[in-house]
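As structure tokens, one chain now follows by itself in the form predicted alone.
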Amino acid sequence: MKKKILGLTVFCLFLFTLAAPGMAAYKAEYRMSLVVEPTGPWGQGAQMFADLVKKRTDGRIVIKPYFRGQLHGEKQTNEFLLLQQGIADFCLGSTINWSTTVKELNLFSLPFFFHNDYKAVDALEASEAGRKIFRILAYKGAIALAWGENGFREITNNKRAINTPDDLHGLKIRVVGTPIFMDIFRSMGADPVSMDWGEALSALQSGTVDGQENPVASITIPYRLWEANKYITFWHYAIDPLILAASRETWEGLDRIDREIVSKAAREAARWQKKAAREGLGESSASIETLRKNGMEISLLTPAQFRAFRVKTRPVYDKWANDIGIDLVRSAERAAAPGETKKGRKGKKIER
């Protein structure tokens, strides 16, 4: 009888171990890939996520951020592959860097889609188009947990002010290694040069390239680009959302309760990160003043100037809309259309 009771007790303890939160065979450390430095909203948001998860799981899940591209050898366009292969457990990554593997993410790089309208960006992310992108990522092996933000991309150079498409003619502009950026700049007569950011800094300083395009808050100011480039144009030609995601392998290894904790921490950290990335980016903002004080000449485009860039790059927009998927692009256009109700958007052609 005692043997039966003892056996039943051991069996119950075994079942409890399988079901109890945090009792799965978790890793001693979960690796998180970051392209950027730990400073700035992007890196700080990742660290906040790691800290929240550790605290709320009582140390069951310890996430270590690997900054500066340590996990992918500074080949930033390979980052999504790390999630697919389970080399990275988590990433707070750029849609631009991931778009070489997930073509639908080129949606956010369509030239002059948003025109500095953060409400349109948020609306798109919360729409069916945004949800479809998350489903596509899941199919490819990454569980998207929250949207973050790197910001609108502006252009700097050391040759001249850029106020029209013709002003780009002949300029060597460093771009991230994705084909859509090559097409955009070639359409305006520029000479785009693809290189990772680590190479770009020395190329800008030596004059090997004339300029670059990146968000102000995460790149232009932290890296003091005024030391290499005198001119900056705020043209908001593309947006760079971030996505906080987990490897499917890692995600499936967490129990239900810990998944909920991780999801909540991701949303909380991403909200903070997005807000921090957008602070001070208005056209009369502290960021503008910082650039002026450091000697940069700033161009702020008029609506007519903006339209000229949009018209010039329209063939690129149309080409890539087809490559991305025309249904997804049209859905995104409706979601991001300014000043319209859902009823008003239905069936209306979006003029671009």
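Heads up: residue numbers just count along the shown sequence, starting at 1. Computed from a prediction, not measured in an experiment: that's the story for all the values here.
The same protein also has a form predicted together with a small molecule, omitted here; what follows describes it.
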Judged by heavy atoms and a 4.5 Å cut-off, are Y118, Q273 and R278 together in contact with the small molecule in the predicted complex?
no
Work out which of L107, V209, V176, A217 lies within 4.5 Å of the small molecule in the predicted complex, going by heavy atoms.
V176
By the heavy atom within 4.5 Å rule, which residue out of W197, W251, Y231, F234 makes contact with the small molecule in the predicted complex?
W197
Is I239 a contact residue for the small molecule in the predicted complex, using a 4.5 Å heavy atom cut-off?
no
Is there a heavy atom of V35 lying 4.5 Å or less from a heavy atom of the small molecule in the predicted complex?
yes
Any chance F49 has a heavy atom within 4.5 Å of the small molecule in the predicted complex?
no
Wondering, does A266 line up within 4.5 Å of the small molecule in the predicted complex on heavy atoms?
no
Given a 4.5 Å cut-off on heavy atoms, tell me which of 125-133, 164-172, 258-266, 91-99 is the interface stretch with the small molecule in the predicted complex.
91-99
